[in-house]
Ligand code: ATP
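In structure tokens, one chain follows: the form predicted alone.
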């Protein structure tokens, strides 16, 4: 190739349902999770939502940390179509964000993409997405919503947080600058349901999509902050070059 970029083979490895930038979101895919006796061995599925603009190693580490601590069978990365809490800034088009997420997890059998929020019009409220996943996977499946401690600190700004905790257990990972919650505080807020909140111990990675976008806009390296294939796609398509988005 004349210049270094994302090769056709790399794109194919990310999955057969990719779309070019601006061409829309891929169609829904069948759920590849294996069938087994739910009574004896209920599936344990983690769900990590976000804009993934871009997906970075902090996302992948949280998914891996939760899977290791809780024995998850799969972790679904769930890109948001229209995150209600980020309505004030421009967001990269959905097709590019889904493609970056696919490239980020390519080759890792633990991780999959869920398009449940892309399939639904309107703002991407997590409680509605978890309701859809609960219906899809059945009452016997244990769902775990993954988040960092800074997200938990803002959970009462989310839609129906108590309902969300009924639908899925929570797995909370560390985040620099935001201490892990105190169990007594969680019990005071959520009562007996606080037992469904799992606090994860492990290193906290100080990464943010905002900083990565700003580094790209300034022409600075993002090597080892995002997966290599994601870095190459960002360069190939000129993402984040026009402005350092807040």
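Just so it is clear, the model here is predicted, and its values are computed rather than measured. Numbering follows the first chain given and starts at 1.
The same protein also has a form predicted in complex with the ligand, omitted here; what follows describes it.
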Heavy atom within 4.5 Å of the ligand in the model of the complex - residue from 155, 111, 148, 143 = 148
ask   = Tell me, which of 205, 43, 67, 216 has a heavy atom within 4.5 angstroms of the ligand in the model of the complex?
value = 205
message = So if I measure heavy atom distances to the ligand in the model of the complex, which of the stretches 67 to 75, 101 to 109, 171 to 179, 120 to 128 falls within 4.5 Å?
response = 171 to 179
query = Does residue 89 make contact with the ligand in the model of the complex, using a 4.5 Å heavy atom cut-off?
reply = yes
query = Going through 113 to 142 from first to last, which residues have a non-hydrogen atom within 4.5 Å of the ligand in the model of the complex?
reply = none
